[in-house]
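Shown below, as structure tokens, is a lone chain in the form predicted on its own; questions about how it binds or moves come after it.
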Amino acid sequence: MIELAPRHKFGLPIASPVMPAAGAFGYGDTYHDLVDLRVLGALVTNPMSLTPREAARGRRIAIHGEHFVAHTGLPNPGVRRVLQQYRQTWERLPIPVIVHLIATTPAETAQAAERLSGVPNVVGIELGVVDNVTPQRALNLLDAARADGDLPVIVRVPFTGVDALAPLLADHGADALTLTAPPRAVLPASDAPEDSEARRYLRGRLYGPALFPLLLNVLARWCSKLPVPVIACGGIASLQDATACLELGATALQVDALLWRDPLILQRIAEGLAKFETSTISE
């Protein structure tokens, strides 16, 4: 077993280091007919907030080659409705559930964490903070997530905030860190000529293979310095990518938007790592 929260009183053990990233795998009902969930470590849910959020208006995706930016607004029906709809689904899953919670205000974060405590098979919270969060605000949100709930709290750190936030959050009580949330980027949102007034640009979160070397740089700089487990996330697209993350010190990993095109990549990586571990043990 792999322990994602060694400092927490209950811990957060998972059987495999491989998980879907928040927003890539739904709430547990989207890909269950395609992917053998039993080979995964946990389900990381779509982002949810205490209260409902509407989708962003206008164009939401801009594509450039193998990369794209997405601006969705993180729509969701809110914690209460999600629990009403998916509580029984989560309870029946063969793997534990980590809820990705959008950190809005400390008060709302505390209420949401309290509602998630005691939900069958929910074993942890992954806290998502905004890119421009200040260190003090991040600590306040972490305290709120831990105050009224008893679940381990993983914080997904913004790509541009790793240096300022990762050591601070680890020392302040985060049980693990996800490095990192997709960075912000801008891409043309139409195929109009560059000099056309009709050309528009979309700002959103960036996904694609270019993130992977950036992820490895973050892992190489920080894994050995942090006192908590690190979950690698960003551009992982193969068994070789996953192995590199683990070799650099990550405890687990998340596969993100590639799942929308090839959901079975998650299973192939998990099964490949399991075979490698088995062969290593037998030697």
Partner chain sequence: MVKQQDAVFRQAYPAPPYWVARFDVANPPAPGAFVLADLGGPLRQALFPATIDADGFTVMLPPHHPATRLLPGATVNVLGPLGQGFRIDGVTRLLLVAEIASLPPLLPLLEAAPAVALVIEAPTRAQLPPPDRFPPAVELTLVTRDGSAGHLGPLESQDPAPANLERVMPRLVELIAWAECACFACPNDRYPALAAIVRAARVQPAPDFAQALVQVPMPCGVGACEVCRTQTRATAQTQGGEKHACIDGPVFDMLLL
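Note that this is a predicted model, so its numbers are computed, not measured. Numbering follows the first chain given and starts at 1.
We do not show the form predicted in complex with its partner chain, though everything after this point is about it.
For the options T72, N140, T104, N121, the residue carrying a heavy atom within 4.5 angstroms of its partner chain in the model of the complex is T72. Shown alone here, L246 lies farther than 4.5 Å from its partner chain in the model of the complex, counting heavy atoms only. Of the heavy atoms in I14, none are within 4.5 Å of its partner chain in the model of the complex. Put simply, N76 is close to its partner chain in the model of the complex: some heavy atom of it is within 4.5 Å. For the chain shown alone, V39 is not a contact residue for its partner chain in the model of the complex, no non-hydrogen atom being within 4.5 angstroms. In summary, the region of this chain contacting its partner chain in the model of the complex, judged by heavy atoms within 4.5 Å and restricted to 230-238, 246-254, 51-59, 212-220, corresponds to 51-59. Taking the partner from elsewhere, no residue among N132, G173 and P183 has a non-hydrogen atom within 4.5 angstroms of its partner chain in the model of the complex. Within 4.5 angstroms of its partner chain in the model of the complex, the stretch 21-37 places a non-hydrogen atom from each of G23, A24, F25, G26, Y27, T30, Y31, D33, L34, taken in sequence order.
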